[in-house]
Ligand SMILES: Nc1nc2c(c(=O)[nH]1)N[C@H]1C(S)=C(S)[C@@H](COP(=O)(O)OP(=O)(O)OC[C@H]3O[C@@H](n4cnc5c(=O)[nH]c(N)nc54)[C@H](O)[C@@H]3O)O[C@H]1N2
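Okay, so here's just one chain, in structure tokens, the form predicted on its own.
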Amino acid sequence: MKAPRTGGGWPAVWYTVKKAFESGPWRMWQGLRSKNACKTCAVGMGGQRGGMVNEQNHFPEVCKKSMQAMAADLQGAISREFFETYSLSQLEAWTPKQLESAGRLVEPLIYRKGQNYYEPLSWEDAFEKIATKLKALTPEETFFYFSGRSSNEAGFLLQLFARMYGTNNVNNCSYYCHQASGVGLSSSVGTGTATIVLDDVEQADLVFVIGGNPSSNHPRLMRTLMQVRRNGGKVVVINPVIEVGLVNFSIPSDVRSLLFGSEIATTYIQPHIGGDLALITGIAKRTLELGKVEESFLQEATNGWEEFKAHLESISWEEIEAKSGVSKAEIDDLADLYAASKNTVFSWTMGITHHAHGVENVQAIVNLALMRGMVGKPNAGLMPIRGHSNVQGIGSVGVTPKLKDAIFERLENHFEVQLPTTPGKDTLACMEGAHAGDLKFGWCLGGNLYGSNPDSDYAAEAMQKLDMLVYLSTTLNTGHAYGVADETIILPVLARDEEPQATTQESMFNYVRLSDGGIQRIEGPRSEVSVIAGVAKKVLPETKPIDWQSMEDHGKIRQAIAAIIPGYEAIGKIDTTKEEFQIGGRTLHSPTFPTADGRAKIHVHDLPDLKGDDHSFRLMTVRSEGQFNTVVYEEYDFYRGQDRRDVILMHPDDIARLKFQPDQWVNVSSEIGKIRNVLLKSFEKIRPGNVLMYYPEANVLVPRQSDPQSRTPAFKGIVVTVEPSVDPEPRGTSPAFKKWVFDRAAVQPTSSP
């Protein structure tokens, strides 16, 4: 497969048409145009503005990710015969794409250890089994995990139920993605989210895109970057891999861009994986040397400047170059661009957070922004690019192990209850607790907890040690095959735009919007809120302060959220006003920060050594263009020109140095795992000394090392060795890849379920 010369463009248009005809053009149009927030990234779309409309009211705004997610929800039902035909052993051999494409789940299912098939279960029996198990356990033997695809209403209700049951083992998927951003930002400027709005980005004259690939993962943001360039601004991309969409992107909704393409990056820098902290520190050092710092702002609005200044003066250029892999000349050029800018926006994704020093990476970006007063004014600031449509909202409404003091107090007072005060476990700690046998029960509200974990063998072992695991899901995923407990119950739920009542979500720019729901596509699944309340009624029937039956009313849940969650007061009237609102205190357009003393904090860091040596590589695990988080919609990676996923991408210089040949079979090993028979692909766009493999397939190589401050696992910068395979096998027969690549004729359904 040949990689394209530009991202987006006509291939995206044809793909859109193809998906529309697969699902039904009118059904796809209805889904995309309905007043519902987009199901994919958190850039912010839809709601009462209507579908395909962004936060600047621009229409049409749609991307392949949203088309893929909508097409998945438009699938037909999985028949009961499907689960009678395909055993768990067979499902283990299916790729993530094939599991996702099997159809919609429509009736409760149960798997019992020792059997090899999922069996149907009535809703009443499912609720009874879950309630019986929870009553037999202590609260500290349970955990509750939330994905970012659910509504604020479902998230709030489930965390309320968990705490009323007695546990604070309440956590969400952000611990495996942007938790480092939240911790880093909160510790620096007092808010854990973007400090700007979408319009600020377009008005900036310089935008840094660090450690991310929004052309693939957040395509709608590319229009904004195009507009920055058209306004005369500059875009600096920092990424160990040259991604085609960040070089040039053709915006389908813009005729000029569609026909001629749009140059995105004015400067493209390729540090070594793990070299970002040193590189950012180098830009800060050179900015200081140029005398381009806002001394008055630093003295009046920050703490820690003098210590940081002394640190920059003491660190050597030799150390910066060695630990970043970037030359001083390149760093000087970046500093010159920054020094000339009047309004700079710094954006980043998981290339920054997925490191053992992820929080320090984020703090270093904030340091650099504060040096020139680029936080606390319009058209400049900080933008973590979040990848899940409501991951911020889930966190805002209380899905964290430890509630903020104000939320804790208001929640107790509002419901006149006493909440548990035990330390709750984060996501990785819950997996460790399950593996140790301390936890017996898990509840997963959406997502794929197994697929999102590092050290996938350990993750499977941990989940298989549970007494019971409950999934609320719309479609099948690898967790349903590998993350199975003694008893595993799958409860089919409605997609967000199918909910019979309106729901709310929070965008990346801190807007809360109302989604209508109400598109009935399929019989069988139930509302997430009704499932949660149904179980709660059986587990806590005598809890007088909370009438779980009445809590099936989304409006009543929103009234509780308005009374309890600071900044969410307006949600109590949103049913009447139909107006979205922005959470106060997060957008920072003036130099007063929501910290204890109103000042931002500058942090000093030691620079980590680059990992690896001449005999090893730094591995980054990444998503493909046809993928959303753990969900794989297409097994090819169009933008990188790869037609399969069981590959390792290596620079041709490294292939020659090791006397390898392109397209030969190799084994890849890390300190905790080994994958045999991976296809070695020559890929000149990656920085030599670094390699790339696909997530979640390569999770077996990822150690459980995490950032100590955020507990975000280090999915980037894994030290691996690569050696020729002594027993190369054809595609599909490698035991190490049986989860992902297989002989389709042997196990693929012969007909649509």
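Note that residue numbering follows the sequence shown and begins at 1. Model, not experiment: these values are computed from the prediction.
This protein has a second form, the form predicted in complex with the ligand, left out of what is shown; the following refers to that one.
- A heavy atom within 4.5 Å of the ligand in the predicted complex is found for one listed residue only; from 218, 440, 425, 513, this is 218.
- Residue in contact with the ligand in the predicted complex (any heavy atom within 4.5 Å), chosen from 574, 484, 226, 241: 241.
- None of the heavy atoms of residue 612 is located within 4.5 Å of the ligand in the predicted complex.
- With a 4.5 Å cutoff on heavy atoms, residue 276 counts as touching the ligand in the predicted complex.
- Taking non-hydrogen atoms only, residue 150 approaches the ligand to within 4.5 angstroms in the predicted complex.
- At the 4.5 Å threshold, heavy atoms of residue 623 reach the ligand in the predicted complex.
- With the ligand omitted here, the record of contacts in the predicted complex names 487 to 495 of 120 to 128, 191 to 199, 487 to 495, 323 to 331, defined by a heavy atom within 4.5 Å.
- Residues of 145 to 177 placing a heavy atom within 4.5 Å of the ligand in the predicted complex, in sequence order: 145, 147, 149, 150, 173, 176, 177.
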